[in-house]
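Just the one chain here, the form predicted alone, laid out as C-alpha cells.
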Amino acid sequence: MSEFDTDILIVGGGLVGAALALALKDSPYSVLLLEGSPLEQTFAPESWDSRIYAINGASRRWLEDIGAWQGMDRQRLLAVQAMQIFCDEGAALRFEALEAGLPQLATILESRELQRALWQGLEGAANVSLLTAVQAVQLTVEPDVARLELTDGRSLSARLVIGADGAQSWVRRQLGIEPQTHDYRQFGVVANFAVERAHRGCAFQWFREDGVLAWLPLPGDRISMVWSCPESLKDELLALDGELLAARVAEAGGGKLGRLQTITPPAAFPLRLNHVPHIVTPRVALVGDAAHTVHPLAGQGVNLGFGDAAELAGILLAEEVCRCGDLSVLRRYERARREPVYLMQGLCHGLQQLFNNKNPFLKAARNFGLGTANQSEWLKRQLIRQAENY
C-alpha cells in the first residue's frame, strides 16, 4: 500500500491550478486539487464578471488541447480584431489582426466562464479529485514526501505539491521564499460598461499622466475597463456612483464609444511586481501568480500562468510517476520558464516606468517611438506575433 494519498496535490483551484489539473487528466498520476472556496458554476446570464482576461494564441491552443476551450459558452467570448494605443501629444499606434495574418489579436473572456469550463472538464475524471471549502494550515516537506495539514483536521501526503494559490501564495510562505517586490504605488480599478457606439472588436489603451486606461471589448455593446492609477484617483473612482463613474470614464477615453452606462460596480486591487528568486524546491513547485506577477498594462499575467502550467504538465507527463517531485525534474521546469517570465516582467516594468514619467526628454522619445512604430508594418507584425506566442 502506497504511503501517498495522492501523487500530485495542487493547492489553489483558480484558473491556472484547475487548468494544470485538467492537463493531467487521464494520466498515470493521481491528482488532488485543493480549493479553499466552494465551487460556483451558475450565474445569471445578464450579469458580467469584472475579472476579464485577454487570452493570447498560445494559451488558447493549449486550452483547446486540454479540452477547456470547447466547454465555454461562445456567446460569452469575443475576438479582438484591432487595438489602438494613444499617448500624449497625439502619438498613436494601431494594431490589426488581418495585417499580421491572424484571425484575432486575442480572445476576451470572463474569469468565471473559463473557471466553470475547467471545473466542468474535471467532472468524472478517474484520476483527479477536487476538495473544496477547506484550507491548508501547515506544509511539511520531507526527503520523499510532502505533507499538508488541513483546517478540518485531515492530513494529506503527496509526492509533489504545486502552489497555484496566487500572488500572496500560502505555499510560498510555508517554504520561506520571499519575493523581490516592486510596489508601483498604483491600483487597478476595474468595471464593466454598456457603450453607445459599437466597438467592433477593438481594444483601446491610453497612456495618461494619471495612469494607464484600457478598454477591452466584450460581447455586445459592452466594454471592460482597467484603469491603473494612483491611490488618490482610485479612491475618487470608487466613491463615484454609477452614472458619474460612467461619465468620468467616457471623458477619459475621449468619448470614443459615446456615452457609457455602468453595468458592474468598480473594484480595485494593488499593482506590484513580484520576482520570485526560485520557483521550485524538492517536492514543491510554484505556478502562476504564486511564481510571478507583472504589471497588467500588457494583459499577459494569466497567459504567463498558463505557460507555466503547460510547461510543467509537459515535463511531468514525460516522467515516471515516482520521480515527479525530484528536484532534478522540477528544475527543468524552472529553467524553461525563466526567460519568458523575465522578458515579460522586464517589458511591462520598462513600459510602466517609461510612460509613468514626466521627464520632457522621455516624453518626447516615447511619442516619437510610438509614432515611428505605427509607420512600420513589419515591426507591428513582429510585436503582435511575439505577444501571440507568450
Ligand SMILES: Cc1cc2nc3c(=O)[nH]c(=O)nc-3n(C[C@H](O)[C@H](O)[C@H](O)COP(=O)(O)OP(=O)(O)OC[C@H]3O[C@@H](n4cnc5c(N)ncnc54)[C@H](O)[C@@H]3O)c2cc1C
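Computed from a predicted model, the values in this text were never measured in an experiment. One-based numbering along the sequence shown.
The protein also exists as the form predicted together with the named molecule; that form is not presented, and the subsequent description refers to it.
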Three residues, Leu24, Gly121 and Gly307; all within 4.5 Å of the named molecule in the model of the complex via heavy atoms?
no
The named molecule: the contacting residue among Asn127, Gln135, Gln261, Ser157 in the model of the complex [heavy atom, 4.5 Å]:
Gln135
Going by heavy atom distances of 4.5 angstroms or less, which of Gly211, Gly188, Gly253, Pro179 would be at the interface with the named molecule in the model of the complex?
Gly188
Just checking whether Ala54 would be counted as a contact of the named molecule in the model of the complex - the rule being heavy atoms within 4.5 angstroms.
yes
Does any heavy atom of Leu114 come within 4.5 Å of a heavy atom of the named molecule in the model of the complex?
no
Does any part of Tyr184 reach within 4.5 Å of the named molecule in the model of the complex? Heavy atoms only, please.
no
So in the model of the complex, is the named molecule close enough to Ser37 to count as touching (4.5 Å, heavy atoms)?
yes
Counting only non-hydrogen atoms, the one stretch of 139-147, 202-210, 285-293, 77-85 within 4.5 angstroms of the named molecule in the model of the complex is 285-293
In the model of the complex, residues of 7-26 near the named molecule [heavy atom within 4.5 Å]
Val11, Gly12, Gly13, Gly14, Leu15, Val16, Gly17
